[in-house]
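Below: one protein chain in two forms, given as structure tokens, structure 1 then structure 2.
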Structure 1
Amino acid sequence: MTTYIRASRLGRRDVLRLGLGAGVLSLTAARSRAQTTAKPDVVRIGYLTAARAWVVGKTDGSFDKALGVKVEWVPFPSGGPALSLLAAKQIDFAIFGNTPIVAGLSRKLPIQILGSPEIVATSERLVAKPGITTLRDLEGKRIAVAPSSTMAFALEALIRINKLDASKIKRLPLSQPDTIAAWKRGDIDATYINGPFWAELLADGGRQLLVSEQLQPSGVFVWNSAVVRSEFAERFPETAVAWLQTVQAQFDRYRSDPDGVSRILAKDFGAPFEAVRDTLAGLRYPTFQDQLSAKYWGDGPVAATDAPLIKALGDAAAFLAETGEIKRGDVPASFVPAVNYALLRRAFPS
């Protein structure tokens, strides 16, 4: 009872004590709020040194504005170096091919997949010398393909699907510029190659046998995924959400004005406008909302097990293990946990 009476007659000291307590409470509350909305000092975005529609946001500071922090852009020539950059914690986000991503995940690289904003359709093509008119004609021929690329994966898939004799086809690992030189010298008979390189070969009398999109009915998908370092996504989820939304905004911008975006990128990359326009047109850009459907990733971890792209990740891993690039024992049992559905849903509520 005494306490009750004392509480009813608050002294100056009690008020002070109360005030102090409230102060501490509100401080801790502020700190915990700060933890969920914490912002990094700088966000480092990795991008492929090729024309990519979303990179238009690099030229006008869209990402700096949307994220509210300093943004650094780190270029990489292909997926392999991108893995090294992520492992060394030199970049936080990147968009690159599914094959290297699978290799990274099986090496337990702490990254998470955030959808697949770019699906390869006609940007990668199989081009052959005149005289080679069917896929069967490729037997006994030399085909150049960029090593550890999505094209190398597509070529193997193509050989398997069409039941060609793999032992009769000589695959030559060549970078794409070197492929052009080898083609001109007559050292190769065909190549699976990306835009804008095929334009030069087609102009040189080359014959297009296939585009990657034609492999999709057989379940072979080639795409570029957005990825984030797991540690970054856990510490700064809000920044990751804002980044995803900004990426989507760049693709929206491209959809409404493909020529305008191509022109800006052509200037930024120092490439001819037509080449950039045709390369960009060779990819399909499903929105993130679309990606979270049964057509791509499924709408959540539960429904995802037989989503086409989850299955395709498993196929890519099996292919890499078979060729000996990764250890079979390293391949994760399921790729579902590698996709951060929660973050995607937060950025793009259904």
Structure 2
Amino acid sequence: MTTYIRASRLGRRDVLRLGLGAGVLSLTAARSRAQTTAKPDVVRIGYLTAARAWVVGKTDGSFDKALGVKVEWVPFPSGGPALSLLAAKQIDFAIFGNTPIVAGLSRKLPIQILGSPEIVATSERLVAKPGITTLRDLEGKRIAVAPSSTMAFALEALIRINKLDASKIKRLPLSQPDTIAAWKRGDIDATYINGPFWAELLADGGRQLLVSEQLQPSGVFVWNSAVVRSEFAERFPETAVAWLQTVQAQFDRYRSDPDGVSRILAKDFGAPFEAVRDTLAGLRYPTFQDQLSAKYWGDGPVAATDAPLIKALGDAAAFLAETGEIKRGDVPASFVPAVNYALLRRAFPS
């Protein structure tokens, strides 16, 4: 039975309560709308100091126009420094390697994954001095590699896969520009390095021993993920959506004109066109729509547990724990909550 209250029986206190309740609901709704549509004063985008297709949007203000706010671009040499910048709130977005991202998540860094638009194939390579012709020849040698990078992860993986004596291989943690200088001085014998840096080493007589794609049959996958600070995503979801859509637009631009984009980036980075072109061609570019499928991240939190890249994050975490990079007890029980499927679906509805 429904009970009706006659207006004449409502006292002054009842009216006040109803009015206050309606006011609170209205205020809550208004705050929710404001939070959804709010824009930051500035968006700080971190980018790797190597040619990447999506960074072509830096050269012509594509991100400024799409986001409708001031954009600051912050360079970093590898994944480790990117984690430091995110922790210090000096960048809001970045795209970098899966292994440092795993390390950051294991250390409870408040970041979220927004898909993986770059799968590493041939853009990262192991290059050695003349006279080193096999992987076994690396024993007793000095190998430079950027710390906390996908190259460092791949180097440790190839040592394990090929049953090399790790104690006989000296790993030198050097940034990629410092690696070039060390190579020229004769301080190193080999390096696992990103493009276009390897082009200079190959031109100087270096020999390519391996590319990261060759590790995939052994279950070792390397890729670059888009990452956002959790606080930023919660406060400015529409800006995060716009950023994702703009990133995808730059990849689409590259796919339609790879040589044109390569020339723009070669000029911007001060690198040879051929090296930049080959570096960009050494990555695979699944669209964000593609990534929301069983082939990559899965189509949502419930179905993502067995998704290949979720599993690969777990494998990377186990490997980093074995090498002492992270503590085994710090590894999350699941990496599914670290992926913001909701933002991805808002940006790229099916």
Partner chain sequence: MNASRRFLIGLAAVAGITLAWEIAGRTHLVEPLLLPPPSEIVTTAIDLARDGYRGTPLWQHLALSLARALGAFAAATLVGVPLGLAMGAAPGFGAVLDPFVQFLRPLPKLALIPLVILWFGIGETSKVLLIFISAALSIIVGTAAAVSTVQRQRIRAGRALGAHGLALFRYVILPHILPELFVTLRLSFGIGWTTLIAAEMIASDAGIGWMVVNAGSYLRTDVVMLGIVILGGTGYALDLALLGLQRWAAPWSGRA
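So that the term is clear: the rigid core is the largest set of C-alpha atoms that superpose within 1.5 Å between two forms. The structure presented is a predicted model; accordingly, all values stated were derived computationally and were not measured. FYI, numbering is relative to structure 1, first residue = 1.
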Which structure would you label as the form predicted in complex with the partner chain, 1 or 2? 1
Can you give the angle in degrees by which the smaller rigid part turns relative to the larger between the two structures? 16
Can you give the C-alpha shift of Gly195 between the two structures in Å, rounded to one decimal, after superposing the rigid core? 2.5
Per-residue C-alpha deviation between the two structures [Leu135; rigid core superposition; Å]: 5.9
